[in-house]
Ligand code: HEM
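Taking the form predicted alone, here's one chain by itself in structure tokens.
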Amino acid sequence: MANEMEFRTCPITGKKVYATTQNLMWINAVTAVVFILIGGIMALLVALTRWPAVHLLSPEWFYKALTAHGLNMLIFWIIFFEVAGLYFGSSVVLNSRLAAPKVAWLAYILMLVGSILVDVMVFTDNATVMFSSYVPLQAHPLYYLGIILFAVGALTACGIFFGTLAIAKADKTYEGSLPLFTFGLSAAAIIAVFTLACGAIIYIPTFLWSLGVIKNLDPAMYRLLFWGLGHSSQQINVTAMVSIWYLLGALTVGAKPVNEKICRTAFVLYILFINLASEHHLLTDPTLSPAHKVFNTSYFLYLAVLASMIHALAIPMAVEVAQRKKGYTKGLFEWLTKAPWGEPGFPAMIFSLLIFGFIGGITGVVYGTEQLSIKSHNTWAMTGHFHATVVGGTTLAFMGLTYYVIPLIFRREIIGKKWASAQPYVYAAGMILLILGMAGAGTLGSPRRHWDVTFADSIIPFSFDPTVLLFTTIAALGGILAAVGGAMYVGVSVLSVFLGRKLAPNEAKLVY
């Protein structure tokens, strides 16, 4: 293991890259890509099963694939990548050594062992309980143990991040306030502490229940605490995604926010209010009062939405100002047409912002209100909403950043640059079709999480609209196209990390 004080100076950014930080970023990022590959394969199987023309999997395999897809994509892929981002945003951006690197390795091992346990239990028919694993559905004890280990490991990684911030402050490795990117990651880490703590807290009694130590577990208590993990994990992703938007803006066109104070205030609003959106899962539960539900799905929700609107305006404004300073001032949109659309990071940032904001964000506000949440919650339209946020937004932003992390941190040249440039377009196009297909079918009443989208084999009365078949076809074709884009990302990333030409120590080369 490398000496924790050993570092190199990045020839592009001038930042110190400590060997321990680089190794931990490398292993977490590579592991994240492995889990997006697993989750992506499961996503393709689910899409081909929900497509009535193919109907690929049996019900048993469908629910197994659906469980694995949700866990690998929403939890494992994203949080492993975010941990790599936390180490980058603290140690590298602040020129600081990493706090307690041995503990950081322990955190990685806990996360890896936990995620492997979960996947093994799912694929061996011991945990076909879907992502939410609602009580009284019961999985094998090792499934719950895996979730606990993963949550504890991720919480430890957050502690390493905060410790590194303290070291950087004490060693005076930076001046003034935290850089905006690191400030945003700090907000994400604060939200993560609450989120992962909820997961650890609820899964401990659930683990004991699965062992028979606890005889009865209150389903209402489980749902309340579970959604502190299940939905709030997306709020970590939103905050990290926005932070990456600011970073990609700087890397691609040199964009800087016109007013950083406003942007920082928006991150604070996320900390205070964004987790409250989790309660839209509980609107039909008797555990919360009607007044509480109404207040939560209106006033508190709007403050979180205000934060997203600030970011959604601040980032394009920063890009426009940066481009106009370069002389692109003809007409209203020369600054946009002359942007680096041929590099992967810029279109990834723009498509992430547009899909998240105009599809995921708007539908989130609509479906988050009490009346419409109750109406749409168990339809495929809700699935379209969170695919716009988690996949079209967060995942696409993470993909765009990867193409800059590989040469900057791993010091490898990108293999297949044309593939890398095309990948965000392919993936974004697939996701837009998938999301619109889900939304259309769900609006017509197509249920979520059901093996048969037509409900032909269901005992529940369902008035089937044939137009659903059109939307399911659109969704399936979008899912296939998105899977191709995901495969392009995995291929370029893996080949570049392991086989890309090693950059010389002083070679200042980013992507193109």
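Computed from a predicted structure; not experimentally measured. All residue numbers refer to positions in the sequence shown, first residue = 1.
Omitted here: the form predicted together with this ligand. The next part is about that form.
Undergrad: I'd like to check something about residue 55: if you look in the predicted complex, is any of its heavy atoms closer than or equal to 4.5 Å to a heavy atom of this ligand?
TA: Although this ligand is absent here, residue 55 would stay clear of it in the predicted complex, with no heavy atoms inside 4.5 Å.
Undergrad: Spell out, yes or no, whether the shortest heavy atom distance between residue 99 and this ligand in the predicted complex is within 4.5 Å.
TA: Although this ligand is absent here, residue 99 would stay clear of it in the predicted complex, with no heavy atoms inside 4.5 Å.
Undergrad: Any of the heavy atoms of residue 33 lying within 4.5 Å of this ligand in the predicted complex?
TA: Judged by the heavy-atom cut-off of 4.5 Å, residue 33 is well away from this ligand in the predicted complex.
Undergrad: Using 4.5 Å between non-hydrogen atoms, is residue 383 touching this ligand in the predicted complex?
TA: Contact check for residue 383: yes, within 4.5 Å of this ligand in the predicted complex.
Undergrad: Looking at 131, 302, 194, 419, which is the one with a non-hydrogen atom within 4.5 Å of this ligand in the predicted complex?
TA: After the contact test, the surviving option is 131.
Undergrad: Just one of 438, 242, 83, 348 has a heavy atom within 4.5 angstroms of this ligand in the predicted complex, so which one?
TA: Answer to the contact question: 438.
Undergrad: When you measure heavy atoms, are 73, 391 and 448 every one within 4.5 angstroms of this ligand in the predicted complex?
TA: Yes.
Undergrad: Heavy atoms within 4.5 Å of this ligand in the predicted complex: which stretch among 423 to 431, 360 to 368, 286 to 294, 402 to 410?
TA: Contact criterion met by 423 to 431 only.
Undergrad: Only counting heavy atoms and a 4.5 Å limit, does any residue of 65 to 89 reach this ligand in the predicted complex, and if so which ones?
TA: Going through 65 to 89 in order - heavy atoms within 4.5 Å of this ligand in the predicted complex - the hits are 66, 69, 70, 73, 74, 77, 78.
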